[in-house]
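Just the one chain here, laid out as structure tokens, in the form predicted on its own.
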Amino acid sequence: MSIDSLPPLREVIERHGLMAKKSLGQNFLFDLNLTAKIARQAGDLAGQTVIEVGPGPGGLTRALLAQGANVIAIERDERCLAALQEIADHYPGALKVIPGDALEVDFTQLANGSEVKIVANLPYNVGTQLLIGWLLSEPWPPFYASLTLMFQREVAERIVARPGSDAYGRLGVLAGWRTDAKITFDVPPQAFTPPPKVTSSVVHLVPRQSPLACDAATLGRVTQAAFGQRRKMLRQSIKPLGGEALLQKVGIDPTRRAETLSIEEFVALANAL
């Protein structure tokens, strides 16, 4: 079943010579039913502004537009721009394509005061970096109403991880502190071209309106130090930030390891720092 009257993605990719580039972290989704399922995880999109990062040939873009969204797409690969222009012509006034690197984009300025949703099959090589930037953005509540993002399954598990689990780390602390995050469904490798070596997962994150009071940048520093040497005791891993003295200030045993601390304890450390 087609979601629109545009040509199949395989045909578009062949016509424009859009073979996925490993250097750009590209893995294309051809199944438009699957891209529509991803878009639906973001909720009702009719009349909503959606920012998409790395649209590639536009499979997810088409699904978002078919559900009534106004899409701002950021694409670094100039080879994809002609294919995206064809989609823009099919949906007049509903798709704006911004050529460039998403890591250099001011997303708050892009939102321009209106509430947006971010929906993306993120390039593997920048996905985590982008997410951390969105989680640490100021002011809070943020410029976005939700994030609906695809990651490698391993990264998705780190985002929703809880204290004490092997996957718990910096991502779990930051995402758990500021958002309600959940994995909505998995996508097998064979759904992509070229197929990655791992399963992917779609994660939906909704910002908490009133997270625990804490300076975001300081919490970022504390978690980076603590999990940067996660096998070591906290008195050693956060030594550059105050070590044992800082831990004693908030009543945390210096011999504990980072993965045993709750989000509340990390916030207390950041506030003490």
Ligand code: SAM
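Small disclaimer: the values here were computed from a predicted structure and weren't measured. From 1 onward, residues are counted along the sequence shown.
We do not show the form predicted together with this ligand, though everything after this point is about it.
With this ligand omitted here, the record of contacts in the model of the complex names 45-53 of 243-251, 229-237, 216-224, 45-53, defined by a heavy atom within 4.5 Å. Mapping the unseen interface onto this chain, Arg76 counts among the residues with a heavy atom inside 4.5 Å of this ligand in the model of the complex. Contact annotation: Asp101 falls within 4.5 Å of this ligand in the model of the complex, judged by heavy atom distances. Asn70 falls outside the set of residues with a heavy atom inside 4.5 Å of this ligand in the model of the complex.
Remark: Pro123 counts among the residues lining this ligand in the model of the complex, judged by a heavy atom distance of 4.5 Å or less.
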